[in-house]
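Take a look at this single chain, the form predicted alone, given in structure tokens.
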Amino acid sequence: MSNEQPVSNSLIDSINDQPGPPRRKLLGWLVAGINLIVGGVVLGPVLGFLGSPLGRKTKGMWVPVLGLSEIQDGQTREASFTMQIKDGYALVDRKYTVFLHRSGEEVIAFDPACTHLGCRINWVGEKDRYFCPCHGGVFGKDGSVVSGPPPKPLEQHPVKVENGQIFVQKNV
């Protein structure tokens, strides 16, 4: 004969209703806190890297490049200018070039980089066209693609003329 007595259901229910030991809750909160810190350490730099381009703001600067009297109506001319830009922690002078085309009082500035692979284009006045020496891209005097592999027209820079001076807006 055994000495065991049947356990009543009310005794089992009263044991299940008692709160768990406080040590178990403390360990649960401690593990959750550690996971939160590890997740922040891993995700913080990744999100900072991915979001950094959104934080950079490019601002356009108006740079005087040429006097209006130095370019004749219908003429295309190369003009160079120097800008001081921030390169890392240092301020450096960087030289840029644009092609200016004057039509009446309107002046258009083209970036000299081919839109195919970025080679420097050349202006050939006898043919009224820009030629890319790398892959044979040809652009019209309005910057449109005439032939070759370039996928889009030449990039234009905003231009304004004030007091007889041509200004080109360059993003830095």
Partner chain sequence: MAEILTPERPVEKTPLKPEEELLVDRPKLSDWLELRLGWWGFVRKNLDEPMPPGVGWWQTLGNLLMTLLMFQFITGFALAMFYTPSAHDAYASVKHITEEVALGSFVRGLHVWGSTIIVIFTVLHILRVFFWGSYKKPRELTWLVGVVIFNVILGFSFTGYLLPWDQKAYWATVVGTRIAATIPVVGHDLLVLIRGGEEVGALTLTRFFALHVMLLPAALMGFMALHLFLVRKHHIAGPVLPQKGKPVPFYPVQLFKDAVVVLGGMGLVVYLALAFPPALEAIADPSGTDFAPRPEWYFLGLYELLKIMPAGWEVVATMIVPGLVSMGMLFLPWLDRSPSRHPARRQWVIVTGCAVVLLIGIMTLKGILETPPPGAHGHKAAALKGSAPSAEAVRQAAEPPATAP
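Here the structure is a predicted model, which means the values were calculated and not measured. Positions refer to the first chain, counted from 1.
One more form of this protein exists, namely the form predicted together with its partner chain; it is left out here, but the text below deals with it.
Student: Which residue, 146, 26, 61, 37, has a heavy atom that falls within 4.5 Å of its partner chain in the model of the complex?
Tutor: Contact check passes for 61.
Student: Can you work out whether residue 43 and its partner chain are in contact in the model of the complex, taking contact to mean some heavy atom pair no more than 4.5 Å apart?
Tutor: Answer no; every heavy atom of residue 43 is more than 4.5 Å from its partner chain in the model of the complex.
Student: Is residue 73 part of the interface with its partner chain in the model of the complex - any heavy atom within 4.5 Å?
Tutor: No - in the model of the complex, heavy atoms of residue 73 and its partner chain never come within 4.5 Å of each other.
Student: Are any of the heavy atoms in residue 116 no more than 4.5 Å from a heavy atom of its partner chain in the model of the complex?
Tutor: Result yes; residue 116 sits at the interface with its partner chain in the model of the complex.
Student: Consider residue 122 of the chain shown here, and say whether it contacts its partner chain in the model of the complex, taking contact as heavy atoms within 4.5 Å.
Tutor: Flag for residue 122 set to yes.
Student: Just to make sure I understand: among 79-94, which residues lie within 4.5 Å of its partner chain in the model of the complex, judging by heavy atoms?
Tutor: In sequence order, 79, 80, 81, 82, 83, 84, 86, 87, 88, 89, 91, 93, 94 come within 4.5 Å of the partner.
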